[in-house]
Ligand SMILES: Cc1cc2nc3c(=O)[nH]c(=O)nc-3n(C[C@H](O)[C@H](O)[C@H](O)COP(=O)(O)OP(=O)(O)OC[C@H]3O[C@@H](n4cnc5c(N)ncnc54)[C@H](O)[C@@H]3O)c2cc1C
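Next comes just one chain, in structure tokens: the form predicted alone.
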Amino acid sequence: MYPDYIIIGAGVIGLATAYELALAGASVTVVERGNAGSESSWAGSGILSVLPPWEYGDQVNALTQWSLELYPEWVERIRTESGFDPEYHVDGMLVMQQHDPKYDATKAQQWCQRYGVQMAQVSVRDIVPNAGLDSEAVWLPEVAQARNPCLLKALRGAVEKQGVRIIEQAEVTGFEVENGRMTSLQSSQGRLTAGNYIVTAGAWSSVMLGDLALQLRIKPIRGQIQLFKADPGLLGCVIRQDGIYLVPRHDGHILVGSTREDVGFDKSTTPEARTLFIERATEILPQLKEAELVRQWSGLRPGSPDNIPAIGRHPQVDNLYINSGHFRYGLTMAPASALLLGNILANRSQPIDINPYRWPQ
């Protein structure tokens, strides 16, 4: 007996989608070309916010703000079911204005008022007394973070507890479509069949779909990150300054990122990025000059026009769906994206307009 759904891709979006469908009683198999949760979802910073939100359009903010409303209950549920701690914390985010030519104080205030988000105009050293730079900044105390590998471990545990089957090292190599319906897919582990198919393959989605992608424009955008190890408590909140962010973990690790590079499927790291991160991070937080440089890595974000994901049914194939193209915000958008697609599949009403996320023809 074949499952109700095959989900292609076991990143945070694929696993969240599998979890949503399994909770509704569906039988689900997830197929992953490598190891579950080992690509972009693992490689990111874990900041649960758009950076910064007032620079993005309504399509991104509608989905993101809905997702953030769902997050506390969602993450607690997967923690309880799996027994693993996703390390979800509300630490706040400081958006430094110094040297940021894009910053618009009026736009930021209007955005916060519109979405009911707490903000305060502060001095950087009001929040981070040991900061190397001091200037006016926007303080967003409600911004949370999750530790990506921990969240993925917990989510996988919750998914498997719901009876979802995960097949790893199974690269999809082709599709069989008859009379407007997908009948099976070919993979490196053989032919697989389901009632419905959902693509959550991130940066690989368009390439994998081939002609079935139609006008779907998802491509890999490399993001590099540098990890420091400092004393716990050195930094207590996320800091963002002109495209660079510092993200503290409670054990003393601090992530610094990230680049945005259109270099295809190249996941290599560069000395130029390493130098940039060290210079900018130590300028913002001079104590990092004494910190250990642990590791540099990169991930391939699923880049999409204006950061708007595609969520919904294929225009020509009745039982083929997508939930992909979340660019930098897959972790942030995961709970709402999974629920949005679940509502589509169950023909339920939606709390937001879904038209911006339809599969482009």
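Heads up: residue numbers just count along the shown sequence, starting at 1. Source: prediction; values computed, not measured.
Not on display, but discussed next: the form predicted together with the ligand.
- With the partner removed from view, the residue among 26, 47, 320, 60 that has a non-hydrogen atom within 4.5 Å of the ligand in the predicted bound form turns out to be 47.
- Proximity to the ligand in the predicted bound form holds for none of 197, 340 and 360, with the criterion being a heavy atom within 4.5 Å.
- Among residues of the shown chain, residue 310 is not one whose heavy atoms approach the ligand to within 4.5 Å in the predicted bound form.
- Of the heavy atoms in residue 8, some are within 4.5 Å of the ligand in the predicted bound form.
- Although the partner is absent here, residue 258 is a contact residue: one of its heavy atoms lies within 4.5 angstroms of the ligand in the predicted bound form.
- Under a 4.5 angstroms non-hydrogen atom cutoff, the ligand in the predicted bound form lacks residue 138 among its neighbouring residues.
- Judged by heavy atoms within 4.5 Å of the ligand in the predicted bound form, the contact stretch among the candidates 311 to 319, 288 to 296, 52 to 60, 33 to 41 is 33 to 41.
- In the predicted bound form, 326, 327, 328 are the residues of 305 to 328 with at least one heavy atom within 4.5 Å of the ligand, listed from first to last.
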